[in-house]
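Here you get one chain, nothing else, as structure tokens; it is the form predicted alone.
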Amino acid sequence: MAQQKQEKDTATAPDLADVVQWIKEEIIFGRLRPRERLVEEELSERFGVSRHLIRAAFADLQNMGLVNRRRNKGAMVRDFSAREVDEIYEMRSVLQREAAMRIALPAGDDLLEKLEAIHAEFSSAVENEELQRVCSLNNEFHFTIFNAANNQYLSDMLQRIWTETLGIRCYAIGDPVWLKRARGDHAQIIEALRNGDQEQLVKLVDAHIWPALELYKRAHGGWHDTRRAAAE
């Protein structure tokens, strides 16, 4: 992977954004595991950058919710407790449902055209196994929807929780079954917006978030989501 990074642009030295992106990809695609220690010297040599730049990247990654830094212990990939995951996703569900309920329906042509264009790019990225593009386009698709709720505070709260759950949400990106389902979900969401079906839109937006979480849980010991089990 380091060789791929170096081949990216031999004429330009990597900057902070490059290093953050490289380490972020290692984490969200499972190449760096939860609780794995991040060693400045190793990463500095691997990516061909200074340790100062690695430390700055750790700070940015901590703000994203991907890395924990502890005094005298260094940095490690963030791990969520079962309770943290359940509580975060409980609030994510509440906020996303609220955003979906606030969208004026049926959606206008501008919103539908934008979503269809993003969905086409998303589908292309899935077919070409461009996983980083898949992750970015998935974010763009959903925030185009959330922004249509026309409440900046709600959008900001969703942005915060999406950033914090990046490592969980993108964990499923490499799973072909999840990718197939995500494409289908996106298409159904567009149809609900077009048809003005608010109840179906809310249901789809909420149901879409749980499969990735279940994949993450299974990979970390099969945590049991007591809140969802009780609701069912």
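Each residue number is its position in the shown sequence, starting from 1. Note that the structure is predicted; figures quoted are calculated from it, not measured. So that the term is clear: the rigid core is the largest set of C-alpha atoms that superpose within 1.5 Å between two forms.
Only in words, not in the display: the form predicted together with the DNA, which the text now covers.
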4.5 Å heavy atom contact, residue 50 and the DNA in the predicted complex: yes
Contact of residue 37 with the DNA in the predicted complex (heavy atom, 4.5 Å): yes
Residue 41, heavy atom within 4.5 angstroms of the DNA in the predicted complex: yes
Heavy atom of residue 74 within 4.5 Å of the DNA in the predicted complex: yes
Residue among 194, 46, 203, 55 with a heavy atom within 4.5 Å of the DNA in the predicted complex: 55
Stretch in contact, per heavy atom within 4.5 angstroms of the DNA in the predicted complex, of 168 to 176, 66 to 74, 22 to 30, 195 to 203: 66 to 74
C-alpha of residue 176 off by 2 Å or more between the shown form and the other one on rigid core: no
Core-superposed C-alpha of residue 203 shifting 2 Å or more between the shown form and the other one: no
Cα separation of residue 51 and residue 131 in the predicted complex versus here, shift of 3 Å or more: farther
